[in-house]
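First, one chain by itself in structure tokens, the form predicted alone.
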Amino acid sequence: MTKENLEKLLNDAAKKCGISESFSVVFSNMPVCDFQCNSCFSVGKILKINPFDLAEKIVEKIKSNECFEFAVARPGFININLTEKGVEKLAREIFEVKYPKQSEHIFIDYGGPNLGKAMHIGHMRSFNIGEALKRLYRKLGYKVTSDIFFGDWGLPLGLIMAMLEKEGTLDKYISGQLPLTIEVMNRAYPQANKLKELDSSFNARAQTLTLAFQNKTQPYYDFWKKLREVSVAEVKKVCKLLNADFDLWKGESDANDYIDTVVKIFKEKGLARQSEGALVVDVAEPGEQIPIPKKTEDEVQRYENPMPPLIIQKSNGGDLYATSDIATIYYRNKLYNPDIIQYLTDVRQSQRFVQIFRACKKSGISPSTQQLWHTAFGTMNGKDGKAFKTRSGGNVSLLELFEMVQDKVEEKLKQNNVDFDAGLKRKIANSAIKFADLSNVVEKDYIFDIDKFTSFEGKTGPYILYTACRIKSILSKTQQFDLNFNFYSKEQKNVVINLARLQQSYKSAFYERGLSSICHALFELTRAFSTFYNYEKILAEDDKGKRDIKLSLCKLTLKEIISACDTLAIEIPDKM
């Protein structure tokens, strides 16, 4: 693409000047040029050469080029503009772009809801970010395997069993006399979760029933399968609303059979030690466990920059989430052998994944050549900066959030006298949620403002959809036309530059493991197209050649908006 071509031209020119330092190019935000090279400042400092003199030396070595025009500006910028030929070539490259197949296999783990509980807004970012990253990786040519990885092997399902038993209905649900539904589970779990804090005997019974299905004791193990089946079906409904899908629908229960194996590996390699009856693995690195001098002999030893050991087995012999995560990495390598394993969770789990990854590397469970990535995301908050709540102050389920956004979308569609059906309302609501979420830097918290994010103007998902539908409408009113990328006006050129920015944003998003750069570039593209649309007549253009050029720009822009939206898992309706 153009940015890489420019950097090659500049670096080849630098070598002719006997300079080995590299020169980079950025898209310009200045009206005087399309691209800029600012490297003469840093390179000039290293070589003790005046930046302006260095820029002139570099540009002198570049032969005349039909696609680019180079100019030196004080105090040491290299300004670059596309010629008409360069714009045409760039547009054609974008229209025909095909990403090469990559050799790496990425295994991405996102979603991760606990079964037995209604999915809440805390799950939303994992689904949105993970789904978009999965699609981005595939777009760029990587082999990708995705797994939702349920929390399906712990106490929540034991609590539901204990609650139904206390009500005297468990046997009827087990036998099938009563139909098991998600409503039954959504009622039983909150009641059981409160009761376990008040009644120790009830909590003990829930623990016993959990152990029963974990040991595959009948009839509890078969009933656990029923609970899992009903929960998974409900999760799939939510995934459909969010345009999320998975290659694998596995969970902690699938890792359970490998736990003894990984614990044995740590023991055999001398990496596990006893600590107050528990089995732990030291994962601290130099500088993380610096002892703080004790003031008295009896004082508990404390450390600077503490990195606690990873507990892989409780003192009572029970396993922990960390053990299950390590067993999961073990069996994923055994079955799929990925080059990269990526996890998405909120930032509160960051240290835990540092511990898990280090333990896997020390033990060889993750080979030295394998990359382990943890993408930690911030929280979505209400306008008060606190966790998003319902009007009554309760926690918001994902389904409730989606309904709230759909209600606001319906209100705005009615205000604008737009005919709509349930499908259009859902697509606009989904675009509002996803674009708002993905526009933000992954690790940062952000404020979810329903009024702002459902607006049909500004940097929002509905505005992106509106622009795409506008272009669809233009193209639907035309007969066949000849593709012609000989763009000639300033507004047309600006659209092409922003198309190139969008292409570049995919690479940025890959290395950032976030989608904000794509969202920003997509919004800037739609703004550039709107400026072109407002300045130039398209369907009313009398000159066939110019009309073909303008329609070609419409077709190219729509193609790239659709591609970017698909990467973000946003559906575009036919009209708005």
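One rule holds for the numbers: they count along the sequence shown, beginning at 1. Predicted model, so just to flag it, every value in this text is computed and none were measured.
Not pictured, yet referred to below: the form predicted in complex with a small molecule.
Open item on the list: I need to confirm a contact call. Of 352, 334, 269, 240, which residue comes within 4.5 Å of the small molecule in the model of the complex, counting heavy atoms only?
Closed with: None of the others qualify; the residue that does is 352.
- [ ] Scan 134, 427, 123, 434 and let me know which has any heavy atom within 4.5 Å of the small molecule in the model of the complex.
- [x] Looking at 134, 427, 123, 434 one by one, just 123 meets the 4.5 Å heavy-atom criterion.
- [ ] Examine residue 373 and determine whether its closest non-hydrogen atom to the small molecule in the model of the complex is within 4.5 angstroms.
- [x] It does not: once the small molecule is placed as it appears in the model of the complex, residue 373 has no heavy atom within 4.5 Å of it.
Task: residue 149 within 4.5 Å of the small molecule in the model of the complex, heavy atoms - done: Because a heavy atom of residue 149 falls inside 4.5 Å of the small molecule in the model of the complex, the answer is yes.
Open item on the list: Can you work out whether residue 321 and the small molecule are in contact in the model of the complex, taking contact to mean some heavy atom pair no more than 4.5 Å apart?
Closed with: Residue 321: contacts the small molecule in the model of the complex.
Open item on the list: residue 338 versus the small molecule, in the model of the complex: is there a non-hydrogen atom within 4.5 Å?
Closed with: Looking in the model of the complex, residue contacts with the small molecule do not include residue 338, since no heavy atom lies within 4.5 Å.
Open item on the list: For the interface check, one of 209-217, 138-146, 240-248, 342-350 should have non-hydrogen atoms within 4.5 Å of the small molecule in the model of the complex; which one?
Closed with: The contacting stretch here is 342-350.
Task: 88, 491 and 498 each touching the small molecule in the model of the complex (heavy atom, 4.5 Å) - done: No, because 88, 491 and 498 lack any heavy atom that approaches the small molecule to within 4.5 Å in the model of the complex.
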